[in-house]
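Quick heads-up: it's one chain on its own, the form predicted alone, in structure tokens.
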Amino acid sequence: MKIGITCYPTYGGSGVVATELGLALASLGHAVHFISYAIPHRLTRFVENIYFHEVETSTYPLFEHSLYDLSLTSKMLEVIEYEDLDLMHVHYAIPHAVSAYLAKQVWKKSGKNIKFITTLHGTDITLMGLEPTFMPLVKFSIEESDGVTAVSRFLKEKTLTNFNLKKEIEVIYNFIDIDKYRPVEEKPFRKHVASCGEKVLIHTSNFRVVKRVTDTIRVLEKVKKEIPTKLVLVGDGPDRSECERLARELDLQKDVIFLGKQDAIEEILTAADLFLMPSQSESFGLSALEAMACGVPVISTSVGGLPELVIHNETGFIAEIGDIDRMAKYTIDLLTNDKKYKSFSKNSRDRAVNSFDKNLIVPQYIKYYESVLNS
């Protein structure tokens, strides 16, 4: 099968999932053509059956802003024609599904057809998609997609409700490479950040307000009163400066380690004792799954798709948004009970292996591709 994949090439979850899916499909012998404005950040080496097509935006003086969506449509058409694609798979509705729809309509004029599938990842539905200026376009692009998938049951229901749709949406969960993300004995990074044997909490995100990263620092403040602990924050974004300010205000600047954006995230995760995810909105929680695969229990909020991933009192704990006291209590409970911690750690790894292994999820995408192509 020849598949065109369009995604954002950045560190966000939608780009990560799209890239990992492309890599998995390529390893199975499918030809995968990535179409985006930059090479996805997880495509760090040559991989057989993977091709990249860069979208170049016009700099004509008449246009005050770049016409990325139209440039993307043109590049899609070019790849569809010259690479003889069987299917387009776009991740994130705006503007990718709209561009795919335009490409399909233009291609139809030549008497040929191309089907496209849209995967919804979260903020394209719960945030951007609800903007009054975008809402009609997002609804239209979903309705006109030949197939639609969502990364959680929560996101499927949210989409159907928010846009008053009767569209069939297939739930296909995010997945993990359990051989790449796994517990290890040697943890050199842990010795670096916790040289005196402190416990290590970790959080990774794009540091947007919706992630509530400052809550992780307030949790640390309470936990440190009972247990020597360090907090490692991975990522970057608009809220980082506020987090740095808060750490200094609480006199925790030596205990909060800001790593910025990192590629070798699995090496960092294996050094952690617990993963904190205090988000106020989360359609799935891919970074939490990565931690669980490394045997790291998760303490999260009860929002969105997180309860579909984190099993309360088994692979971690779930608290209400902003309930710092309860998150700190759960953290102390796990870090001071070795038997309970080992059980939660094993349960986390087992859940990742038994429910979210790429060898279980990728075949679901292939089956869905075939059903759309044959419909």
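Small disclaimer: the values here were computed from a predicted structure and weren't measured. All residue numbers are counted from 1 along the displayed sequence.
FYI, the form predicted together with a small molecule isn't displayed, but the following is about it.
Can you work out whether the small molecule is within 4.5 angstroms of a heavy atom in all three of Ser14, Ser281 and Phe284 in the model of the complex?
Answer is yes for this spot.
If the cut-off is 4.5 angstroms on heavy atoms, which of these, His203, His96, Lys230, His121, is the one near the small molecule in the model of the complex?
Checked against the cut-off, the match is His121.
Just give me the single entry in Thr159, Thr216, Asn174, Thr301 that has a non-hydrogen atom within 4.5 angstroms of the small molecule in the model of the complex.
Checked against the cut-off, the match is Asn174.
Determine whether any heavy atom of Lys222 comes within 4.5 Å of a heavy atom of the small molecule in the model of the complex, and answer yes or no.
No, Lys222 is distant from the partner.
Even though the small molecule is not shown here, does Val151 get within 4.5 Å of it in the model of the complex, heavy atoms only?
Flag for Val151 set to yes.
Indicate whether the small molecule has at least one heavy atom within 4.5 Å of a heavy atom of Phe116 in the model of the complex.
No, Phe116 stays farther than 4.5 Å from the small molecule in the model of the complex.
Touches the small molecule in the model of the complex: Phe275 (any heavy atom, 4.5 Å)
Contact with the small molecule, no.
Hey, of 285-293, 101-109, 190-198, 80-88, which bit sits against the small molecule in the model of the complex at 4.5 Å between non-hydrogen atoms?
Stretch 285-293 is the one.
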